[in-house]
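Taking the form predicted alone, here's one chain by itself in structure tokens.
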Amino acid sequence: MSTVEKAISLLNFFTEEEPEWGLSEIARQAQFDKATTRRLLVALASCGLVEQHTVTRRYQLGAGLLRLARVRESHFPLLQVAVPIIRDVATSTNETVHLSEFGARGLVTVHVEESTKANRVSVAAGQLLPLHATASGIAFLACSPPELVRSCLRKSLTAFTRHTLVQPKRLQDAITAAAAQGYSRGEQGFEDGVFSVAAPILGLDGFALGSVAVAMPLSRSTKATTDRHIQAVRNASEKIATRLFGELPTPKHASFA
């Protein structure tokens, strides 16, 4: 792992649940020695990507990331376009709705609208979504370049629950079904008791750039609600793509050749 990769890997440990880290804590989590970790954090701080609290001496994400995020959003305004649509879906379903985008880290949750119900599914912003274990991931794979799909099928697939698709043939069948239907269903593949549906958001090239999903407790799912949620995520994904690009791209479906 290069020095740059090591430094960037430290940023991934900062989450909504753990927004601050002490030097020893993050060194232990990253499995780097303290001297190396300190050098990496100092380099990140010099670029404004992390900050050290003057009293507690704990590290947190820096304001420099906000500047980069604004530049990125002005160039490709996914959140600006998608968030109002996601909120409409959350209002109409009263279930948790989340938006994901694919990047260097994988499929990442970039926005969440949680249900107002006491019994609801919680999804953290910034959470990585396993491609093989979530409705969002399978919907994304259904419209992904062949090399990405083949790479996923070749990997050792982690079993998060006893329902996770860890056999390549079963995962391939699920991807094929999602490509044909335009959506994916996920039942307890990533977390017990959770049911979700997702649709891919297409880029101009016809491949998915992310996905939109509705997640709910399995105990609350019925055929009628599932059908409504499927229509909601499909409509939302099409609206997002159309508003981003001025037209609805033609999907390029996954190939296993």
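Keep in mind the model is a prediction, meaning the values are calculated, not measured. For clarity, a rigid core is taken as the largest C-alpha set superposing within 1.5 Å between two forms. Don't overthink the numbering: it's just position in the shown sequence, from 1.
What follows is about the form predicted together with the DNA, which we do not show.
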Which residue among Arg67, Arg39, Arg228, Arg220 has a heavy atom within 4.5 angstroms of the DNA in the predicted bound form? Arg39
Check all three, Ser2, Lys6 and Gln52, heavy atom within 4.5 Å of the DNA in the predicted bound form: yes
Option from 192 to 200, 228 to 236, 208 to 216, 53 to 61 whose residues, in the predicted bound form, bring a heavy atom within 4.5 Å of the DNA: 53 to 61
Given that the partner is absent here, does Leu23 sit within 4.5 Å of the DNA in the predicted bound form, heavy atoms only? yes
Taking the DNA as it sits in the predicted bound form, is Ala35 near enough to touch it, meaning that at least one heavy atom pair lies within 4.5 angstroms? yes
After the core is overlaid between this form and the one not shown, has the C-alpha of Leu244 moved by 2 angstroms or more? no
Is there a C-alpha shift of 2 Å or more at Glu191 between this form and the one not shown once the rigid core is superposed? no
Core superposition between this form and the one not shown, C-alpha change of Val42 at least 2 Å: yes
